[in-house]
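One chain is shown next in structure tokens, namely the form predicted on its own.
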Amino acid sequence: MFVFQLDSTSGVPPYLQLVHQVRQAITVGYLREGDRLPLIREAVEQLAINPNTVSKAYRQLEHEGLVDPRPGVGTFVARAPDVTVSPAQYAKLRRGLERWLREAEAAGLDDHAIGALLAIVRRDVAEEGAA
């Protein structure tokens, strides 16, 4: 079952954190078409937040066409992009990224520096591909 997590230190509004987590889970194939998101009541109990926060996130996801609310039943993933990475390949990539993150943190990089480095490398790789 999909479980939300909130970071009170991120500066990102809670509803937007929920939206981002669902988008990301759909993108990497963790959530697939037909999967049920936590009921609003379940998310409220788990996260100790206002039900309106979860409702706002679900409305945003519905507006984007990512989820389909079914009254009395729940909110379900409406569509998911074609995931071209197999679960095994995804797991392998994740393990490699986890190792890299541990190395970056051990080298003294904080979250901001890690994000900046990733952005720079992504840009450089994109420019190499375009050349």
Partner chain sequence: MSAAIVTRELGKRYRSRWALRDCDLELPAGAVIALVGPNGAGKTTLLQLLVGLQQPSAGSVSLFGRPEPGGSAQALAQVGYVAQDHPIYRRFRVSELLHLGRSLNPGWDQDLAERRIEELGIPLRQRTGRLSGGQQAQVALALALAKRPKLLILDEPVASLDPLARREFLQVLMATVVDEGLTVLLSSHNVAELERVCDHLVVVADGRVQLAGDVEALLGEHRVLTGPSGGLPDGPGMIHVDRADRHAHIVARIGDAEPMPGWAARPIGLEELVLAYLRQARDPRPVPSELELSK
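What you see is a predicted model, and the numbers here were worked out from it, not measured in a lab. Residue numbers count along the first chain shown, from 1.
Another form exists, predicted in complex with the partner chain; not displayed. Remarks below refer to it.
Participant: Even though the partner chain is not shown here, does Leu93 get within 4.5 Å of it in the predicted complex, heavy atoms only?
Facilitator: No, Leu93 sits far enough from the partner chain in the predicted complex that none of its heavy atoms falls within 4.5 Å.
Participant: Would Leu66 sit within 4.5 Å of the partner chain in the predicted complex, counting heavy atoms only?
Facilitator: Taking the distances in the predicted complex, the answer for Leu66 is no, it never comes within 4.5 Å of the partner chain.
Participant: Does at least one non-hydrogen atom of Glu45 fall within 4.5 angstroms of the partner chain in the predicted complex?
Facilitator: Yes, Glu45 is a contact residue.
Participant: Determine whether any heavy atom of Ala78 comes within 4.5 Å of a heavy atom of the partner chain in the predicted complex, and answer yes or no.
Facilitator: Flag for Ala78 set to no.
Participant: Within 4.5 Å of the partner chain in the predicted complex, counting heavy atoms only, one of 69-77, 46-54, 26-34, 98-106 shows up; tell me which.
Facilitator: Only one stretch passes the 4.5 Å heavy-atom test: 46-54.
Participant: Between 95-113 and the partner chain in the predicted complex, list the residues on our side with a heavy atom within 4.5 Å.
Facilitator: Nothing in the stretch sits within 4.5 Å of the partner.
Participant: Since the C-alpha distance between Gln60 and Asp111 changes by 3 Å or more in the predicted complex, give its direction relative to the shown form: closer or farther.
Facilitator: Here the pair is farther apart than in the predicted complex; there, closer.
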